[in-house]
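Only one chain comes next, encoded as structure tokens, the form predicted alone.
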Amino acid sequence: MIACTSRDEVNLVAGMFARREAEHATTVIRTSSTEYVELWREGQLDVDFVVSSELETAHAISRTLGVPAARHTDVFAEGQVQLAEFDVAEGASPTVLHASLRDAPVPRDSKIAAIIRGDETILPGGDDEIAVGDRIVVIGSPEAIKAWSRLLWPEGGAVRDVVIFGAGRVGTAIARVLLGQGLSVRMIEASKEQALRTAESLPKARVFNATGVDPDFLERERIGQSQAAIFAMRDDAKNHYAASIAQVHGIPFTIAIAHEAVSVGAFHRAGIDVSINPRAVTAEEIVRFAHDPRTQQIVMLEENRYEVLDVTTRDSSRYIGMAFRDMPVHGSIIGAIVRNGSAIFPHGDDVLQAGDRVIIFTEAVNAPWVVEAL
């Protein structure tokens, strides 16, 4: 039972009633408040899972800042395996362009799961090449993904200094996560009362009571010298405008919260580097509960055209004991496996075993078949 209305209290009550009336059902509630997540972790809420849109958004932004060349990132297996979606642009290292993947010096412990070229999706082999204009999906170790980021955006470095526009619930959750990772955080909030509350709750952040679009303020506080800016105001139009002004003042990397799905495309066309829709991020976390219980995680890409699944293989799978080079493709590719708690990035001679957690890229229409086959 999934309770995901816009009111936290309704979701909580519905989840607790469902738990009482259908004791064998898994109950999941969505909340916009991190406080409910803390109560659940402390065992004070009688539901199976609590998913916070604020926290999911904050973690998504945190992962993006760790790999600034990526338009989308996610992690699997407690952070041992990372997924990244990159746009291959001018300026990418020539060593990985127009050379067969077999010969290109691609980072170890990584696999290109897909090359998206216009309307065509290629599940690459050794003879394929990547070119400027491609979008690639890479699965690998966190170190390998960072190496890919350096190859595709050589001028980009580690982000340590961030300015957040908007100190509401989402902006505050983002700031709390980034401060916990040791980043320097400045926040800009138009409401004086909200700015004061945020300054009191986050003493390690510098909080300004300002609109964020005043040129004198931006120059005086040297906002343009920040390595990245995050636009977390409640209005997509304001986020769009503030991001444009920030780019004019020199901020090299911008992330905008798109509260409406249609804004994602608009932000991308406006030159904003990364757009994150909290509803979509939260939906990814919730959707896995409606799948086979062996599915531990689902990531949806390209407007849900593709999925990356974390599925545990059953003893009866016909692929048990089969070498990876002998497995049929069927529109899917295995990027990593987790065996006995450790991540393995398989080669052709490796063999799938029962109980392996498989991180697999597939077209969404094939996902049910893929899970059943494993």
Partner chain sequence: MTQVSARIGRPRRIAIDLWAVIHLVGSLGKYLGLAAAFPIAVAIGYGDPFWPFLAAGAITSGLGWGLERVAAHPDRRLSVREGFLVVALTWLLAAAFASMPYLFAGGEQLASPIDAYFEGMSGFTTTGATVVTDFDELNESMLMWRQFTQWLGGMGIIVLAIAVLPRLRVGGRQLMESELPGPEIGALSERIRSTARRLWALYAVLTGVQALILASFGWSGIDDAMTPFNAVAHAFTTMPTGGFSPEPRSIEPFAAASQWVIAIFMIAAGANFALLYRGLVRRRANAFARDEEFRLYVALIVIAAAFLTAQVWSYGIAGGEEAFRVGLFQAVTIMTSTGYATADFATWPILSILTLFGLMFIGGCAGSTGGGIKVVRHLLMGKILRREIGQTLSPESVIPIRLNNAPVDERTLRAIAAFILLYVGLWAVGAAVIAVDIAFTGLGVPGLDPLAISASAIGNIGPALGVTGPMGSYAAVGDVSKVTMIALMWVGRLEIIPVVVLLTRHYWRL
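Computed from a prediction, not measured in an experiment: that's the story for all the values here. Residue numbers count along the first chain shown, from 1.
One more form of this protein exists, namely the form predicted together with its partner chain; it is left out here, but the text below deals with it.
- Figure note: of the listed segments 247-255, 173-181, 213-221, 127-135, the one touching its partner chain in the predicted bound form, with heavy atoms no more than 4.5 Å away, is 213-221.
- At a distance threshold of 4.5 angstroms between non-hydrogen atoms, Pro105 is out of contact with its partner chain in the predicted bound form.
- In the predicted bound form, none of the heavy atoms of Gly271 sits within 4.5 Å of a heavy atom of its partner chain.
- When contacts are judged by a 4.5 Å heavy atom cut-off, Ser93 does not count as touching its partner chain in the predicted bound form.
- Under a 4.5 angstroms non-hydrogen atom cutoff, its partner chain in the predicted bound form has Ala199 among its neighbouring residues.
- Though its partner chain is absent from this view, in the predicted bound form it lies within 4.5 Å of a heavy atom of just one residue from Val264, Ala195, Met300, Ala144, which is Ala195.
- Shown without its partner, this chain lists Asn209, Asn304, Gln80, Gln225 as candidates; in the predicted bound form, only Asn209 has a non-hydrogen atom within 4.5 angstroms of its partner chain.
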